[in-house]
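One chain comes next, on its own, written out as structure tokens in the form predicted alone.
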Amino acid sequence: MKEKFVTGVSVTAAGAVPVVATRLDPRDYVGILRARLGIRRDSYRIEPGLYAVGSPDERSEILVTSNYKLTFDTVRANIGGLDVWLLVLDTGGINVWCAAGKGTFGTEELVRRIQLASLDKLVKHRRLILPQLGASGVAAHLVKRRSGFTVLYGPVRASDIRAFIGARYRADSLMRRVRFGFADRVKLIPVDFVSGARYVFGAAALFFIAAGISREGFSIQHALESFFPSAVNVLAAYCAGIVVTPMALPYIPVRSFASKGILAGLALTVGLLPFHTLGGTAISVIAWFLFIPGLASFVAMNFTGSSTYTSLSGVKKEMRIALPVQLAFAGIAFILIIADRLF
């Protein structure tokens, strides 16, 4: 079935090549929104292979990217007006950086796609432009040896591709720098917010049960009447870790994500004091001062997979240290809440 972004076909010595649009249409934006919310994100991919942008010929550049459609759309939207070939690798619908780490944006797949697309028949030059963030997965010398094509590493961001080509493949320091600014972090919040919602429901269920406990036993009616403040506190804890921490990431004065989450959680707990959702006793207040930072710390660690700040070994080390502390905070808080209701 013809993809909606395919506008025609370019007949070449290597065969028929689909021509793709560089202007995104409403369906593309809906798809982007769904991907940002984590809806069918794992299947948001396109068919790998060779595509044409504009009217490329045997002298045109060959850009390489992944078959994650969000990445593909970002690239094509930034190269309007250029006449280039776009070689899309099969990364299993994963973005370039993550796929390079997993090995799917790698030497074997690149060499295989070069051969399948018959690039030696398509262009006179032997030059490929790969995204810089794919470098960890590709051994350029092996690609050269096995295919005859030279790998050039382009800029980090697709928005710099035009300038990179115009400068005859020279990248300045800004093109090479991995930036992770406020807008970049905010874009990643929705998918983490949706995918981590199970933690909110799990914690809320526990506190719903706790809300119904009293000296007289358990009462659904009492739980329904008393649950609202607990629900506010749980949601605040979740937002502290999943929203506030990413937004304020470089400004929270500690290094680990778990510690950043604790500080964000403490700040929001203090902010809840005037609203009297923490309860009317010292035990209840202490419990929430443990639980909210603990949950915020736990969900804040999820953002390590989205950030540019951490390595896999660093994440594992942080989790080994932080998880016991987070579990202790949550466990003690829940015991205190129960004790406050019973005694």
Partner chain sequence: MQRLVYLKNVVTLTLKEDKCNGCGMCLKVCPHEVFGMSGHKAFIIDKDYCMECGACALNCPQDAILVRAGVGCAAALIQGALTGTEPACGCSSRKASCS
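None of the values given here were measured: they were computed from a predicted structure. Positions refer to the first chain, counted from 1.
Another form, the form predicted in complex with the partner chain, is not on view; read the next lines as being about it.
- Just one of Val186, Leu116, Val178, Leu235 comes within 4.5 Å of the partner chain in the model of the complex, counting any heavy atom, and that one is Val178.
- Within this chain, Glu58 is remote from the site of the partner chain in the model of the complex, having no heavy atom within 4.5 Å.
- Put simply, Asn78 is far from the partner chain in the model of the complex: not one heavy atom of it is within 4.5 Å.
- For Val315, a non-hydrogen atom is located within 4.5 Å of the partner chain in the model of the complex, even though that partner is not displayed.
- For Leu224, no non-hydrogen atom is located within 4.5 Å of the partner chain in the model of the complex, even though that partner is not displayed.
- The candidate stretches are 216 to 224, 261 to 269, 116 to 124, 95 to 103, and the one lying within 4.5 Å of the partner chain in the model of the complex by heavy atoms is 95 to 103.
- In the model of the complex, the partner chain lies within 4.5 angstroms of at least one heavy atom of each of the following residues of 32 to 61: Arg36, Arg41, Asp42, in sequence order.
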